[in-house]
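Form predicted on its own, single chain, as structure tokens, below.
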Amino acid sequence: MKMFNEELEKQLKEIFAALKGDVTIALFTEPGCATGEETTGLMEEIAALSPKIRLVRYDRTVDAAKAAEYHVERVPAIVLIDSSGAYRGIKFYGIPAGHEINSFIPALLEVSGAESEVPAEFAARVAAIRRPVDIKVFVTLSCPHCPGAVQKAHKLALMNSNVQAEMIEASTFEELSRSFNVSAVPQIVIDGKTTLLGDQPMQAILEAIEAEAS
């Protein structure tokens, strides 16, 4: 069953006209994984809407080396690759449907090279991050505030290769959500320790990263 009607497909094609370069969607699944079929169907629909979007499917077990290259730890997983073949630290764990389509589409645009600008002082602070940073943003598909938090985490990853940012659909990965005591979303977890609740400003996320390093 298709997720997009003709009107929405038309709107998305217009949005994807702004893609600057090619983007590869690397989709990792495995037999029996939750929402795997739905995620595959959604990615196929999106890839069909622009010649600049390419979908490559992997089995996490069969393609274990590729999964390790992109640090894929669970499925379904979506990794976005830029036109040079570089992994930019952006992942989606679970289907980016519902409100999360509003974080997935901007991620495609940003990885294509159509990047939004940030103040120079802020960019300098992000560039100063010298250690590996892991950001997990737990979301639900019905949450209207979650896409903003995901976009901000992904932007930090795009700006600094030391940062890895992941959207995690909480109900698909219930055990992981419980391990981080997720009771409300969006919940932003930095390096498995610092937790921020709500759609925090990017400044607050950066300050939490800097505090972890102090």
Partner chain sequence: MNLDLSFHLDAGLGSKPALDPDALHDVLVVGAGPAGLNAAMYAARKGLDVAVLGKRKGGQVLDTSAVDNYLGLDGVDGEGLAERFLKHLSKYSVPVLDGAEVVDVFSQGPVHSVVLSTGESYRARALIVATGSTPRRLGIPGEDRFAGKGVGYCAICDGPLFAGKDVFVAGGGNSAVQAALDLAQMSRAVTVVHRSRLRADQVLVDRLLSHSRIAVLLGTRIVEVTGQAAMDGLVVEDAATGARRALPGDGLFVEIGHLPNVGPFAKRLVLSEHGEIVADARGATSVPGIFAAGDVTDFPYKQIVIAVGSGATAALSANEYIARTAF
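Positions refer to the first chain, counted from 1. The shown structure was predicted, so the numbers you read here are calculated from the model rather than taken from an experiment.
Note that the form predicted in complex with the partner chain isn't included here; everything after this is about it.
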Which one of 170, 163, 188, 67 is close to the partner chain in the predicted bound form, taking close to mean a heavy atom within 4.5 Å? 170
With a 4.5 Å heavy atom cut-off to the partner chain in the predicted bound form, the contacting stretch among 140-148, 69-77, 84-92, 127-135 is 140-148
Does any heavy atom of residue 181 come within 4.5 Å of a heavy atom of the partner chain in the predicted bound form? yes
Any non-hydrogen atom of residue 26 within 4.5 angstroms of the partner chain in the predicted bound form: no
Evaluate residue 17 for contact with the partner chain in the predicted bound form, applying a 4.5 angstroms cut-off between non-hydrogen atoms, and reply yes or no. no
At the 4.5 Å heavy atom threshold, is residue 8 in contact with the partner chain in the predicted bound form? yes
Please state whether every one of the three residues 99, 105 and 118 places a non-hydrogen atom within 4.5 angstroms of the partner chain in the predicted bound form. yes
Along 189-204, which positions have a non-hydrogen atom within 4.5 Å of the partner chain in the predicted bound form? 197, 202, 203
